[in-house]
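The chain that follows stands alone, in the form predicted on its own, written as structure tokens.
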Amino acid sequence: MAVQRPLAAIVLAAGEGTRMRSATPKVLHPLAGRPMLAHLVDALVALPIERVLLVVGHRAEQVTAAMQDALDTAIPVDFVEQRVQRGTGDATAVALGAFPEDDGLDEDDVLVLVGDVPLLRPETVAALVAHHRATDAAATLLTTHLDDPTGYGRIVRDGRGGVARIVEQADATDEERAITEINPAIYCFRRSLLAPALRRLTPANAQGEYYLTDVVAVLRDAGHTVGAVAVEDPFECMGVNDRAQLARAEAALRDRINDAWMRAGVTMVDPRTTYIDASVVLEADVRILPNTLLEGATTIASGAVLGPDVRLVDTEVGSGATVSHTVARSAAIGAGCAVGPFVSLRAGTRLAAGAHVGTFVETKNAEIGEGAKVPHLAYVGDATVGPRANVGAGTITANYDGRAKHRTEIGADARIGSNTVLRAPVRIGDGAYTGAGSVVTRDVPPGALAKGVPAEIDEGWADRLDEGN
């Protein structure tokens, strides 16, 4: 029977990541809309785990702030700073020093992982922990085989096939560099044995650092069991050290996300050109056409059709809506709306059910009422368009006077003629009309007609129109 012990995790995220050639710390580079490091923490908090401790160093304040914003978990995630980067062994020792001495958990198991393996699955970590406990090992590590192991530490086996030690590439002989079994730096240790082993490390190596990998040989030499679990999919253990590896990890993660949504009932005409952030939520029977990007806190309701050529950021789409050739940010598209083609919905846009926003229309901070239409060639900013109103081609709301923005209100069932300029602040009453080419500078009462430059008001015009006069 496997020994059951509490489980904690240490994630080493203090390095600079110079090969990224970026002002952004490596572990904060985004994958599917989340920092690389957040994906790894997501995998850890999916386990029965007591706490996660992140070791930060390079731009520690930036990494800490970004991760606090990115994570939403009931499991404690704490931060400890490695002020001087002296290797992974030193970073692990710094983290162990943050464990309370009187926590009563010195016999717990502790995962130690590097922060640049964003594709690691919770199931793989769980298998590592289960094997570690089943064998009652002092240390258990993940391994995998690579055709090109360049850059990774190699697993050196003894004559019986057990793990004897790990050698870093910079310290390896030519024979050792030919080994294809690599160390992705994902371990499970007995905490009570890890701490004294770390104290026996020396920086006598090519990097002049304290290598965590040397703990394996220390524990073996002390007579403790060291085990290994092989991972079949090398992508899970792929470290991200440069932009090319970042792109490969993004592609692999995107395939996972798309596959999961398709199995949940979402249709993707071309998954290869469909990009969905990890934070996006889709309902069943959504249909996605090619060249669609869904980012941030976007939510898509059942029956909606998106694409082609759509980018939605932090946008809500209601059931049965159709959106094509559109860019939307921080917008809400109601049920049954028709949006596109060639539409820009800027922040604060709200389309009520059944609204239509069409070809070459831009909106900003605008509320478009139920069944209202802005079908083509218009700018509607800082405005309210009432239910069933129709905004003609070429209409703009002139919302800026050079100092401040002002609001335009268009009433229910109003009809705005082509090429109308509505100089805000202005209100067009329910059922009112504007003539083509008008420049409206003052309020138009319900049912009236505004025409001319500047527009003159003809009150009662709509009533006479209905009477045929």
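The first residue of the sequence shown is number 1, and the count goes up from there. Remember, predicted model here, so these are calculated numbers, not experimental data.
Absent from the display: the form predicted together with a small molecule. The rest refers to it.
- With the partner omitted from this view, the residue of 324, 279, 241, 124 that lies near the small molecule in the predicted complex is 241 [heavy atom within 4.5 Å].
- Put simply, of 274, 143, 88, 298 only one has a heavy atom within 4.5 Å of the small molecule in the predicted complex, and it is 88.
- Heavy atoms within 4.5 Å of the small molecule in the predicted complex belong, among the stretches 216-224, 393-401, 112-120, 189-197, to residues of 112-120.
- Looking at residue 26, you'd find a heavy atom of it within 4.5 angstroms of the small molecule in the predicted complex.
- Although the partner is absent here, residue 292 sits far enough away that none of its heavy atoms falls within 4.5 Å of the small molecule in the predicted complex.
- Remark: residue 185 counts among the residues lining the small molecule in the predicted complex, judged by a heavy atom distance of 4.5 Å or less.
- Taking the partner from the other structure, the small molecule in the predicted complex has no heavy atom within 4.5 Å of any heavy atom of residue 447.
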